[in-house]
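Below sits a lone chain in structure tokens, taken as the form predicted alone.
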């Protein structure tokens, strides 16, 4: 205790450099723990993109490809699912609900999704949360559109505005469905999912805008107006994918196997949670890179602390010599400087941890609303406590380097310091 008291008093005499060192360590600890919080929050938000859906059905392809285009609106389907197949799946006794998804068009780079009103009821995210409307409501007319919050913010849309859907998924398209514009009927509240970047229309609307198209282009000399198309049969011929909810989780594998063996056409049924874990495993390298960078920042802070102690050591040679002259053993001098390193590191760890949680408490609502990233404010986990303990231990060990040099200084050399 005497050594720690001496170390504390010595640091008080050099409080400016000590505070700067503590600040450097605190920032590095905040980065280390912050990266872990962001990593955990991103993984959880990623997994919570879709919740409550037991199966996703699409044309035969890899599970990741089906997940990416149906949930994240990335890429395109290898093929479509016929409407008959969709109806056959809907009639299975184990199926509680089924929601069709039709992709292929866009609006200023935002994907257009054709679906039905059940989509707004059954699509869940983040532990079963339902979509809510910031303004307006679901589509009720054939040419109504419901847009995500990012679409509204980026393009400045409000309820009642007219929008024109373009053919294809490019950010710039020269082929548009200009003869059949849509009206924004609702704007969804921020979800932090691909919903925010999607324009939602009805399945019938998807059929309507393509009624006079063939092979991805307008049929020459044939033009059907919006008024005319309202009187036509707009039953879809095919969809891109479907989300399925079952009456019982126990039937998941049974229904999945039945769909995968569907005789009419090649289909794939995937469990979203399993596919999400597979996808996260592929991008886990980024997690490792972030952890390595944050660990290097902590090492740099500890190196700065060692440099600070070594820099001031020459000025403290008289202090060390006096301690030796009054009976302090080399072990006492060694313990004094090691204790200084440990105290600085401990103070930095405590300040960094408190600073991180204070920052989370202040910025969590903003991060959640702006980026859709839910950061949990929970106590450090066992592995995080272990990391913090290792940092403090490393601080004591780092203090040994200048300590070894200090106790080797001779008494005479310490008393004859040149000024």
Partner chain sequence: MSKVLSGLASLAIFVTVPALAEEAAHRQLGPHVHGQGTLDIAIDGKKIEMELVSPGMDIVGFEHVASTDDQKAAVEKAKAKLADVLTVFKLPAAAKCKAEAANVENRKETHKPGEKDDDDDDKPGAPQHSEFHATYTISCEAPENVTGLETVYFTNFAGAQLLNVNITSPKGQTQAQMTRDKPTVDLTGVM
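Residue numbers count along the first chain shown, from 1. Quantities reported herein were computed from a predicted structural model and do not represent experimental measurements.
Unshown form predicted in complex with the partner chain; subsequent notes refer to it.
A single residue from the set 274, 232, 189, 74 has any heavy atom within 4.5 angstroms of the partner chain in the predicted bound form; that residue is 274. A heavy atom within 4.5 Å of the partner chain in the predicted bound form is found for exactly one of 374, 49, 53, 65: 53. Interface residue remark: residue 93 is not counted as part of the site for the partner chain in the predicted bound form, having no heavy atom within 4.5 Å. Put simply, residue 264 is close to the partner chain in the predicted bound form: some heavy atom of it is within 4.5 Å. A residue is said to contact a partner when one of its heavy atoms sits within 4.5 Å of a partner heavy atom; residue 60 meets this definition for the partner chain in the predicted bound form. Contact check for residue 250: a non-hydrogen atom falls within 4.5 Å of the partner chain in the predicted bound form.
In plain terms, the part of the chain that comes close to the partner chain in the predicted bound form, with a heavy atom within 4.5 Å, is 275-283 out of 194-202, 275-283, 345-353, 180-188.
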